[in-house]
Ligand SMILES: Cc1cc2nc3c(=O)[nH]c(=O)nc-3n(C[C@H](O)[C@H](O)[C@H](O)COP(=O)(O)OP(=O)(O)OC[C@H]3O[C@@H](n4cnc5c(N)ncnc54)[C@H](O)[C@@H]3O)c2cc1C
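Just one chain is shown here, as structure tokens, and it is the form predicted on its own.
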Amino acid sequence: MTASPENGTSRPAGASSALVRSLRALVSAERVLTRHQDLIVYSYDASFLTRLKPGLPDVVVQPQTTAEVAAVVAAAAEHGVPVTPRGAGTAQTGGPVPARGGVVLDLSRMNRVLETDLDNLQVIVEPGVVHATLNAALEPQGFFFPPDPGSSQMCTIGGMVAGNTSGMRAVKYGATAEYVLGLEVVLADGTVITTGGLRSRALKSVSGYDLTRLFVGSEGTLGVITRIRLKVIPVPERRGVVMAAFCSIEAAGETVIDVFRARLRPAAIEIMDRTACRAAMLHVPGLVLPQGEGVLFFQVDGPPPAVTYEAEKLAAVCRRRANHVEWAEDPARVNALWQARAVVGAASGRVREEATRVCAGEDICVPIIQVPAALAAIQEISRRHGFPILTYGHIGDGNLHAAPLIDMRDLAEVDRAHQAADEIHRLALRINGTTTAEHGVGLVRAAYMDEEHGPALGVMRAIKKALDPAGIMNPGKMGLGREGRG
């Protein structure tokens, strides 16, 4: 797209004038955006990469119905123009940012809860429904959708499905894929299909190929998700939190292994290193956390006697290595203890003056037994490159979020941040882990896909080619093609 910032007008380049005219005939003109100042909003997500190299779309369309999505995709296919689906733009991998222009489909206006069928433990929603909004609607009825991303107030269900988000409660409840019963998907030629059965309200099925799981986690590279049938479950009667501080980060990691060896299964096991704890205390006036190189937070839930029993057992296991242990069942105290973990993402930049937290190397997952070694290695990478790498995350399933804090004005430091991120990714692969547990591949991790998957990547490319022969669906992502900036 070329634009004239002086008068706010724009002229379609990658997307031809003819395509834009078609789009305005298919979708009301005010929901087809071509002005430069509108397009620039869609050229970023939360990733370090797109902060440095934004990806400008040629046109943005804001559909409100599946029929509009199908018509837009069909028109783009006819003109050979790429289509990039986008939710709230909270991704950290460049996934919802166009790699080579074309149409961005902003699905945030498709934000209705279409059906609530709690007798059958399910709901049907549009992709633009915000995670926290769905759970706020379900809670008075005693139900919830368990996956718990840190961006609950912003992220959309469609984005969670496209990236197979998991988050804090995955230890007990699993990732998003385990709750997706069926999908409505617009394919690359505009065809609309329903996975999981056209009229099904069953909670499980082995009828035909599992196409639902194929589209979950596909990051918009196979089609556009326009409707989601989700399983929901009853809200636990009570929750409790155990907090333990340790003199070494390795001792915190070893305690997680001890917990599983004791046959305990908390709903969540979270870690914050010393830097993360400092960030949280700077962010929340009056918040006090115990001294230690690492602090673990365990969330337990269930009937009150079970919560008390499990919390006491967890506290006993933690005391073998910890220098401080406390636990609480009172809802106010539980919320106070959990607040530190809840704010750390937003608070991370506070620990270094004029520094920015960048999303790079931020989502590795390693085998549980390798967690202590991974934590120590990240600290060493931080020391060697000369900037803090704040570490927190879902340690109960080996998922660590490493957050480099750098001065974006220092080009040498920016370069070292890229090096550090590469070392963190390669560390994960070296110790039999993965480069991403929940944030996805997008553009950021496309270069590691061959090493991580070997010949299986060829099968993924064959599936992509079968469903999207022209390569228009979110091209350049996940290492599936050679197009784009990735």
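No experiment lies behind these values; they were computed from the predicted model shown. All residue numbers refer to positions in the sequence shown, first residue = 1.
The form predicted together with the ligand exists for this protein as well; it is not shown, and the discussion that follows is about that form.
Asks: What is the one choice in Pro85, Gly253, Pro404, Gly393 with a heavy atom within 4.5 Å of the ligand in the predicted complex?
Replies: After the contact test, the surviving option is Pro85.
Asks: Check each of Pro372, Gly220, Gly102, Pro146 and return the one that places a heavy atom within 4.5 angstroms of the ligand in the predicted complex.
Replies: Checked against the cut-off, the match is Gly220.
Asks: Can all three of Val259, Ala267 and Gly398 be found with a heavy atom no more than 4.5 Å from the ligand in the predicted complex?
Replies: Not a single listed residue reaches the ligand in the predicted complex, so no.
Asks: Are any of the heavy atoms in Glu438 no more than 4.5 Å from a heavy atom of the ligand in the predicted complex?
Replies: Residue-level check for Glu438: yes, a contact with the ligand.
Asks: Should Val60 be counted as a contact of the ligand in the predicted complex, where contact means heavy atoms within 4.5 Å?
Replies: Answer no; every heavy atom of Val60 is more than 4.5 Å from the ligand in the predicted complex.
Asks: Should Ile381 be counted as a contact of the ligand in the predicted complex, where contact means heavy atoms within 4.5 Å?
Replies: Close contact is absent here: in the predicted complex, Ile381 is far from the ligand, nothing within 4.5 Å, heavy atoms only.
Asks: Can any non-hydrogen atom of Thr165 be found within 4.5 angstroms of the ligand in the predicted complex?
Replies: Because a heavy atom of Thr165 falls inside 4.5 Å of the ligand in the predicted complex, the answer is yes.
Asks: At 4.5 Å between heavy atoms, only one of the stretches 242 to 250, 293 to 301, 312 to 320, 90 to 98 reaches the ligand in the predicted complex; which one is it?
Replies: Contact criterion met by 90 to 98 only.
Asks: So which bits of 108 to 146 sit within 4.5 Å of the ligand in the predicted complex, heavy atoms only?
Replies: The stretch 108 to 146, when checked against the ligand in the predicted complex, contributes only Pro127 at the 4.5 Å heavy-atom cut-off.
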